[in-house]
Ligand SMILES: C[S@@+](CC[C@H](N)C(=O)[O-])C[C@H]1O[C@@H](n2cnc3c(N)ncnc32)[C@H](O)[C@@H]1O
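Only one chain is shown below, in C-alpha coordinates, and it's the form predicted on its own.
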Amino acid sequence: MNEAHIAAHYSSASLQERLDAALGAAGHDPLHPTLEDLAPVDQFHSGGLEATEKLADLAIGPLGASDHGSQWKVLDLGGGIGGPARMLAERFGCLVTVLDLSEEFCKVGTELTKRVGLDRWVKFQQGSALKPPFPDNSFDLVWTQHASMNIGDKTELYLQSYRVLKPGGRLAVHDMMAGPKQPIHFPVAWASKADLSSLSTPDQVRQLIREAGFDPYHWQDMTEIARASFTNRLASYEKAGPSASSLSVNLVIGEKFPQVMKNMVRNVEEGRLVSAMGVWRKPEYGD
(Lines give C-alpha, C1' and ligand atoms only; values in the text may rest on other atoms or scores of the structure.)
Protein backbone atom coordinates (compact mmCIF):
# COMPACT_ATOMS: atom_id res chain seq x y z
CA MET A 1 0.00 0.00 0.00
CA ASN A 2 1.45 3.37 -1.04
CA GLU A 3 2.23 5.33 2.11
CA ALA A 4 2.40 8.61 0.17
CA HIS A 5 -1.22 8.11 -0.90
CA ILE A 6 -2.21 7.37 2.68
CA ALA A 7 -0.49 10.54 3.91
CA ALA A 8 -2.22 12.53 1.16
CA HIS A 9 -5.60 11.18 2.26
CA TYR A 10 -5.09 12.78 5.68
CA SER A 11 -3.67 16.04 4.37
CA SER A 12 -6.01 18.96 4.85
CA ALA A 13 -4.99 22.34 3.53
CA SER A 14 -4.67 25.06 6.17
CA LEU A 15 -5.68 22.72 9.01
CA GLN A 16 -4.05 24.95 11.64
CA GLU A 17 -5.83 28.06 10.42
CA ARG A 18 -9.21 26.34 10.28
CA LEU A 19 -8.67 24.82 13.71
CA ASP A 20 -7.79 28.23 15.14
CA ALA A 21 -10.95 29.70 13.61
CA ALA A 22 -13.09 26.91 15.05
CA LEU A 23 -11.53 27.32 18.50
CA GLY A 24 -12.28 31.04 18.39
CA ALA A 25 -15.86 30.45 17.22
CA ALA A 26 -16.34 28.07 20.16
CA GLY A 27 -15.19 30.77 22.59
CA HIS A 28 -11.71 29.35 23.25
CA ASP A 29 -8.34 31.10 23.01
CA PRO A 30 -6.60 29.49 20.01
CA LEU A 31 -3.16 30.38 21.37
CA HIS A 32 -3.82 28.93 24.82
CA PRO A 33 -6.25 26.03 24.41
CA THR A 34 -6.80 23.36 27.04
CA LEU A 35 -6.83 19.64 26.37
CA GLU A 36 -10.60 19.73 26.84
CA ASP A 37 -10.91 22.50 24.24
CA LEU A 38 -9.05 20.38 21.69
CA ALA A 39 -10.67 17.03 22.47
CA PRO A 40 -13.56 17.28 19.93
CA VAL A 41 -11.04 17.34 17.09
CA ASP A 42 -7.76 15.84 18.31
CA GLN A 43 -9.39 12.66 19.70
CA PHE A 44 -9.98 11.58 16.11
CA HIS A 45 -10.93 7.94 16.79
CA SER A 46 -14.29 6.44 17.72
CA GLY A 47 -15.29 7.00 21.33
CA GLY A 48 -13.22 10.19 21.52
CA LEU A 49 -11.51 11.16 24.77
CA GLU A 50 -13.48 8.62 26.79
CA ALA A 51 -12.06 5.76 24.72
CA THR A 52 -8.54 7.16 25.08
CA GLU A 53 -8.95 7.35 28.84
CA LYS A 54 -10.24 3.77 28.93
CA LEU A 55 -7.27 2.45 26.94
CA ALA A 56 -4.88 4.37 29.19
CA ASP A 57 -6.55 2.89 32.25
CA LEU A 58 -6.06 -0.61 30.86
CA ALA A 59 -2.50 -0.07 29.66
CA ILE A 60 -1.09 2.07 32.49
CA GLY A 61 -3.49 2.06 35.43
CA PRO A 62 -6.16 4.21 37.09
CA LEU A 63 -5.31 7.90 37.16
CA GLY A 64 -4.22 8.96 40.62
CA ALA A 65 -3.80 5.40 41.95
CA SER A 66 -0.01 5.72 41.90
CA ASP A 67 2.78 7.31 39.92
CA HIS A 68 2.51 4.40 37.48
CA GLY A 69 3.30 5.66 33.99
CA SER A 70 5.40 8.60 35.16
CA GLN A 71 8.38 8.99 32.83
CA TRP A 72 7.28 6.00 30.77
CA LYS A 73 8.56 6.27 27.22
CA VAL A 74 5.64 5.85 24.85
CA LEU A 75 5.59 5.45 21.08
CA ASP A 76 2.27 6.47 19.52
CA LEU A 77 2.10 4.90 16.07
CA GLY A 78 -0.11 6.87 13.68
CA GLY A 79 -0.83 9.39 16.42
CA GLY A 80 -2.17 12.13 14.15
CA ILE A 81 -2.17 15.60 15.69
CA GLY A 82 -1.49 14.16 19.11
CA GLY A 83 -4.61 14.23 21.27
CA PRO A 84 -3.94 10.89 22.99
CA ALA A 85 -0.23 11.68 23.32
CA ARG A 86 -0.94 14.97 25.10
CA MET A 87 -3.40 13.23 27.43
CA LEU A 88 -0.81 10.57 28.33
CA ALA A 89 1.76 13.29 29.04
CA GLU A 90 -0.54 15.58 31.04
CA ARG A 91 -2.31 12.96 33.13
CA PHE A 92 0.33 10.27 33.55
CA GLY A 93 3.63 12.07 33.04
CA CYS A 94 4.57 9.94 30.04
CA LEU A 95 7.25 10.97 27.55
CA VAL A 96 5.58 10.41 24.19
CA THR A 97 6.93 10.23 20.64
CA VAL A 98 4.26 10.47 17.95
CA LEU A 99 5.19 8.78 14.66
CA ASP A 100 2.86 9.67 11.80
CA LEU A 101 2.98 9.58 8.00
CA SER A 102 1.42 13.02 7.59
CA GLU A 103 3.82 15.96 7.59
CA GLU A 104 0.92 18.33 8.21
CA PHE A 105 -0.33 16.34 11.20
CA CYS A 106 3.16 16.40 12.71
CA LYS A 107 3.44 20.15 12.13
CA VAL A 108 0.01 20.95 13.59
CA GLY A 109 0.55 18.52 16.44
CA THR A 110 3.85 20.14 17.35
CA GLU A 111 2.25 23.59 17.41
CA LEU A 112 -0.73 22.49 19.51
CA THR A 113 1.55 20.71 21.96
CA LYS A 114 3.60 23.87 22.37
CA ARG A 115 0.47 25.93 22.96
CA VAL A 116 -0.72 23.67 25.78
CA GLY A 117 2.74 23.66 27.35
CA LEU A 118 3.55 19.99 26.85
CA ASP A 119 6.35 20.25 24.28
CA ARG A 120 8.90 18.93 26.79
CA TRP A 121 6.93 15.69 27.04
CA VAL A 122 5.54 15.14 23.54
CA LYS A 123 7.54 15.09 20.31
CA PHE A 124 6.43 14.45 16.73
CA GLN A 125 8.32 12.65 14.01
CA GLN A 126 7.21 11.93 10.47
CA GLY A 127 7.66 8.31 9.53
CA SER A 128 6.20 4.88 8.94
CA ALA A 129 4.84 2.55 11.62
CA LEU A 130 6.37 -0.29 9.58
CA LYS A 131 9.84 1.24 9.89
CA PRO A 132 10.04 2.97 13.29
CA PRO A 133 13.50 4.60 13.41
CA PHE A 134 14.24 3.62 17.00
CA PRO A 135 16.56 1.06 18.62
CA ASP A 136 15.40 -2.22 20.06
CA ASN A 137 13.97 -2.12 23.61
CA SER A 138 13.38 1.66 23.55
CA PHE A 139 9.83 2.10 24.87
CA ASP A 140 7.69 1.07 27.82
CA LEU A 141 4.47 1.31 25.83
CA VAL A 142 3.56 1.19 22.15
CA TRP A 143 0.17 2.84 21.63
CA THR A 144 -1.97 2.89 18.52
CA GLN A 145 -5.56 4.02 17.97
CA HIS A 146 -7.32 3.68 14.63
CA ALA A 147 -4.12 3.53 12.57
CA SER A 148 -3.86 -0.07 11.38
CA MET A 149 -6.84 0.24 9.02
CA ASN A 150 -4.39 1.75 6.50
CA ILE A 151 -1.66 -0.85 7.12
CA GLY A 152 -1.71 -3.96 4.98
CA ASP A 153 1.34 -5.63 6.51
CA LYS A 154 0.04 -6.02 10.04
CA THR A 155 2.52 -8.83 10.69
CA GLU A 156 5.35 -6.31 10.33
CA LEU A 157 3.45 -3.70 12.36
CA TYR A 158 3.27 -5.97 15.39
CA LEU A 159 6.78 -7.35 14.92
CA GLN A 160 8.16 -3.80 14.91
CA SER A 161 6.06 -2.94 17.96
CA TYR A 162 7.55 -5.94 19.75
CA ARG A 163 11.08 -4.97 18.68
CA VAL A 164 11.01 -1.44 20.05
CA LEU A 165 9.36 -2.40 23.35
CA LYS A 166 11.41 -3.10 26.44
CA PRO A 167 10.94 -6.55 28.01
CA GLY A 168 7.79 -6.29 30.09
CA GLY A 169 6.54 -3.41 27.96
CA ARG A 170 2.98 -3.19 26.72
CA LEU A 171 1.18 -2.83 23.40
CA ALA A 172 -2.13 -0.92 23.53
CA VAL A 173 -4.42 -1.16 20.50
CA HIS A 174 -7.78 0.46 19.72
CA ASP A 175 -8.96 -0.17 16.17
CA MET A 176 -11.76 -0.54 13.70
CA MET A 177 -11.79 -4.08 12.30
CA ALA A 178 -13.59 -6.18 9.71
CA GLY A 179 -17.01 -7.43 10.68
CA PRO A 180 -18.56 -10.72 9.50
CA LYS A 181 -20.20 -9.07 6.48
CA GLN A 182 -18.00 -7.60 3.74
CA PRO A 183 -17.19 -5.39 1.92
CA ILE A 184 -17.63 -2.06 3.70
CA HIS A 185 -19.24 1.01 2.20
CA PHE A 186 -16.89 3.84 1.17
CA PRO A 187 -15.88 6.55 1.86
CA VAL A 188 -14.91 6.00 5.48
CA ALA A 189 -12.69 8.06 7.77
CA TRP A 190 -9.46 6.34 6.77
CA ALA A 191 -10.12 5.73 3.08
CA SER A 192 -12.08 7.20 0.21
CA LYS A 193 -11.77 3.95 -1.75
CA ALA A 194 -10.93 0.33 -1.08
CA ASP A 195 -7.30 0.66 -2.19
CA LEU A 196 -6.40 2.61 0.98
CA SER A 197 -8.20 0.29 3.38
CA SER A 198 -6.88 -2.90 4.95
CA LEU A 199 -9.06 -4.46 7.62
CA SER A 200 -8.53 -7.64 9.60
CA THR A 201 -11.05 -9.43 11.79
CA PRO A 202 -10.63 -9.35 15.57
CA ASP A 203 -9.55 -13.00 15.56
CA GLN A 204 -6.92 -12.26 12.91
CA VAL A 205 -5.59 -9.28 14.88
CA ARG A 206 -5.25 -11.29 18.07
CA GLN A 207 -3.55 -14.13 16.21
CA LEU A 208 -1.00 -11.82 14.55
CA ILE A 209 -0.17 -10.16 17.86
CA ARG A 210 0.31 -13.54 19.54
CA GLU A 211 2.54 -14.68 16.67
CA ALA A 212 4.67 -11.56 17.13
CA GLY A 213 5.49 -12.83 20.61
CA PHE A 214 3.10 -10.94 22.88
CA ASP A 215 1.19 -12.34 25.84
CA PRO A 216 -2.48 -11.29 25.99
CA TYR A 217 -3.48 -9.03 28.86
CA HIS A 218 -6.91 -7.55 28.09
CA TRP A 219 -9.46 -7.51 25.25
CA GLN A 220 -12.77 -5.65 24.98
CA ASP A 221 -15.35 -5.16 22.25
CA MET A 222 -15.99 -1.46 21.59
CA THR A 223 -18.44 -1.73 18.69
CA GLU A 224 -21.47 -0.22 20.39
CA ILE A 225 -19.39 2.68 21.70
CA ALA A 226 -18.11 3.26 18.17
CA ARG A 227 -21.63 3.23 16.71
CA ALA A 228 -22.84 5.75 19.29
CA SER A 229 -19.80 7.94 18.67
CA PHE A 230 -20.38 8.08 14.92
CA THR A 231 -24.10 8.73 15.39
CA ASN A 232 -23.50 11.56 17.85
CA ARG A 233 -20.84 13.21 15.71
CA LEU A 234 -23.13 13.19 12.69
CA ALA A 235 -26.04 14.58 14.70
CA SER A 236 -23.90 17.37 16.17
CA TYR A 237 -22.62 18.33 12.74
CA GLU A 238 -26.10 18.41 11.22
CA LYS A 239 -27.39 20.50 14.12
CA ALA A 240 -24.58 23.03 13.72
CA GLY A 241 -25.08 23.24 9.96
CA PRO A 242 -22.59 22.46 7.19
CA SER A 243 -21.47 26.08 6.90
CA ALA A 244 -20.64 26.40 10.60
CA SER A 245 -17.02 26.43 11.71
CA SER A 246 -17.70 23.61 14.14
CA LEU A 247 -14.98 22.23 16.37
CA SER A 248 -15.06 18.55 15.46
CA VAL A 249 -13.29 15.91 13.37
CA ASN A 250 -15.00 17.35 10.29
CA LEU A 251 -12.06 19.80 10.28
CA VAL A 252 -9.80 16.87 9.42
CA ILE A 253 -12.15 14.83 7.23
CA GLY A 254 -13.40 17.80 5.22
CA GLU A 255 -16.44 18.13 2.99
CA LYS A 256 -17.03 14.36 2.86
CA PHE A 257 -17.68 14.30 6.61
CA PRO A 258 -21.50 13.78 6.48
CA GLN A 259 -21.22 10.89 4.01
CA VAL A 260 -18.28 9.40 5.92
CA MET A 261 -20.19 9.42 9.21
CA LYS A 262 -23.32 7.98 7.57
CA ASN A 263 -21.23 5.17 6.12
CA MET A 264 -19.51 4.53 9.44
CA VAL A 265 -22.89 4.15 11.15
CA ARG A 266 -24.23 1.98 8.32
CA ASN A 267 -21.15 -0.26 8.27
CA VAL A 268 -21.40 -0.91 12.00
CA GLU A 269 -25.16 -1.48 11.94
CA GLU A 270 -24.82 -3.94 9.01
CA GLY A 271 -22.03 -5.88 10.70
CA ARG A 272 -19.36 -4.74 8.25
CA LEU A 273 -17.27 -2.91 10.88
CA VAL A 274 -16.54 -3.76 14.48
CA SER A 275 -14.29 -2.08 17.03
CA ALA A 276 -12.17 -3.43 19.87
CA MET A 277 -9.33 -2.48 22.16
CA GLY A 278 -6.71 -4.69 23.70
CA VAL A 279 -3.51 -4.65 25.71
CA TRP A 280 -0.66 -7.13 25.36
CA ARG A 281 2.64 -7.60 27.18
CA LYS A 282 6.11 -8.34 25.85
CA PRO A 283 7.56 -11.13 28.04
CA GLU A 284 10.42 -10.26 30.33
CA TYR A 285 13.68 -12.12 30.20
CA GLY A 286 13.18 -15.49 31.83
CA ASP A 287 9.38 -15.59 31.38
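Start at 1 and count along the sequence shown; that's the residue number. Fair warning: this is a prediction, and the values are worked out from it, not measured in the lab.
Another form exists, predicted together with the named molecule; not displayed. Remarks below refer to it.
- Contact check for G78: a heavy atom falls within 4.5 Å of the named molecule in the predicted bound form.
- Although the partner is absent here, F257 lies well away from the named molecule in the predicted bound form, with no heavy atom inside 4.5 Å.
- Contact check for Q145: a heavy atom falls within 4.5 Å of the named molecule in the predicted bound form.
- Mapping the unseen interface onto this chain, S197 falls outside it, with no heavy atom inside 4.5 Å of the named molecule in the predicted bound form.
- Contact with the named molecule in the predicted bound form holds for all three of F44, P84 and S128, each having a heavy atom within 4.5 Å.
- Remark: of stretches 200-208, 111-119, 161-169, 95-103, the one touching the named molecule in the predicted bound form is 95-103 (heavy atom within 4.5 Å).
- Interface residue among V188, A212, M177, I151, judged by heavy atoms within 4.5 Å of the named molecule in the predicted bound form: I151.
- Although the named molecule is not shown here, in the predicted bound form the stretch 267-285 places no heavy atom of any residue within 4.5 Å of it.
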